[in-house]
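The chain below stands alone, shown as structure tokens; this is the form predicted on its own.
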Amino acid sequence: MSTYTPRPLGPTLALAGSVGKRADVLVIGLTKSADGPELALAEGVVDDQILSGLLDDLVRVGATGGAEEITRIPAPESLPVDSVVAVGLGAADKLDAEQIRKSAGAAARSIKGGGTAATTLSILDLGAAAEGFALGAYVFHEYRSAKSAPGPEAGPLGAVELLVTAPKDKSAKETLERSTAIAKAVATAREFVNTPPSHLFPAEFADRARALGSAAGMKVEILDEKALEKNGYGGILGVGKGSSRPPRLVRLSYSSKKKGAPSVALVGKGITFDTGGISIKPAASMENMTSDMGGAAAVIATVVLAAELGVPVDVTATVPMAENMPSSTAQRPGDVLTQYGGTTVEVINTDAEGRLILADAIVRACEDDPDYLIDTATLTGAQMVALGTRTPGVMGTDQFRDRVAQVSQQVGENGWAMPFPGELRADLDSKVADLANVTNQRWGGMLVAGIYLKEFVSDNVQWAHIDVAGPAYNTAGPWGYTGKGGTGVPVRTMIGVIEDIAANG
């Protein structure tokens, strides 16, 4: 069994009413206007005369206030810090929580040395600033030796003083606690995704999920390969057949203890590495398939977060885990498997494996008769073709699909509602089984995958499927509060939906 102990993730966050003596740098915000940059709201925490002088100095060195622009200058003697970092917020009339989050993240990424930053961005939006700083400062150096690990002078930001006018105010403390918990959950999902498949295989992933669930006081159930076979989980077993490291199914259950509480089922794709199986992928960029368990990572982090926040909703995560490898024991194109629940499937393409393990988990999740079900997965390259690398595709029952997409946009993860055209279903008909796992043409691949999953969702369940093939893993340069590697998408969407259900049913 794993001896997994989560490491600290990100800087420590605290409220403050003024710039403390421990702070090394002050981070302020600048908005952009036709007349030049302007200081964003900071009254009550830094002297107005000091701020006016800072603005003059920043203008002299070329600061414009453009979104996420970083300008650093020496601090005046009147401030107990070494330097001032001005981060651009863009146009004042377009400023929202997500831009504050991104600008805070950009500032956090720019500050090295493990010191302490004080910031006025928290006056604009405390929660967004806290999340942005925490996530922007996240780094993953777990497997670097002393040869390449950054030294103390290049380490990430260590602590943040979030300046507010009333640091002892109860609502400010509650906002910080919630935002800290959310940032920790997103970072936990990132941590799972960034861990290489040599170290995070199905059994290890299951043990780490167990550790997190047990620490949060949840009921944990893990089915190994023998239990999966006994209970008829043909999709998970079929995908895992080619690997020497057998599959798992993990169940984490959080009970709110509230009578009549609504129930939400979460399902996440946990392919710890995806070669494509016998339908093998091209070698180029295959290393990025370490991210193919991004849906599972987000679901585990979200159910733990729901427990930590004490949300008055019952949440159960059902997480299938497998490694998709080619070998003499791997499933073949043309094989027929039986999904949990009895549906037979012709496996035409072994690289369309995510839907096979998700279908088993969805049927099991629906046996609990949840009110709502959200599944998420790095499911199709077609998601990126349709929506790019930063916009999740949201499918499902119309009303709940639109609700999930709306929440996703509100929290800055930008999910977009997508349709289920009726004519696509016929393309999943098989000549030998109930269903084929892919169609015989390339059009609408993201939608077809969702339509496949729809076959396994109970009619009485409000359901949303979130395809995060691109958004869960950043292969480009850092931006905002997002570094290279795992992003933690869609943790904030899912917890936002759960909280919305708690508030509105």
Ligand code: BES
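Residue numbers here begin at 1 and follow the sequence given. Here the structure is a predicted model, which is why all the values come from computation and not from measurement.
Quick note: we don't show the form predicted together with this ligand, though the next part is all about it.
In the model of the complex, this ligand lies within 4.5 Å of some heavy atom of D351. In the model of the complex, G381 approaches this ligand with a heavy atom inside 4.5 Å. Contact annotation: L54 falls outside 4.5 Å of this ligand in the model of the complex, judged by heavy atom distances. Among heavy atoms of K269, some come within 4.5 Å of this ligand in the model of the complex. Of the candidate stretches 167-175, 260-268, 273-281, 148-156, only 273-281 contains residues with a heavy atom within 4.5 Å of this ligand in the model of the complex. This chain is displayed alone, yet in the model of the complex one of A469, L26, L30, A464 has a heavy atom within 4.5 Å of this ligand; that residue is A469. For the options E131, E161, D292, E323, the one in contact with this ligand in the model of the complex, meaning a heavy atom within 4.5 Å, is D292. Heavy atoms closer than or equal to 4.5 Å to this ligand in the model of the complex belong, across 437-468, to one residue only: V438.
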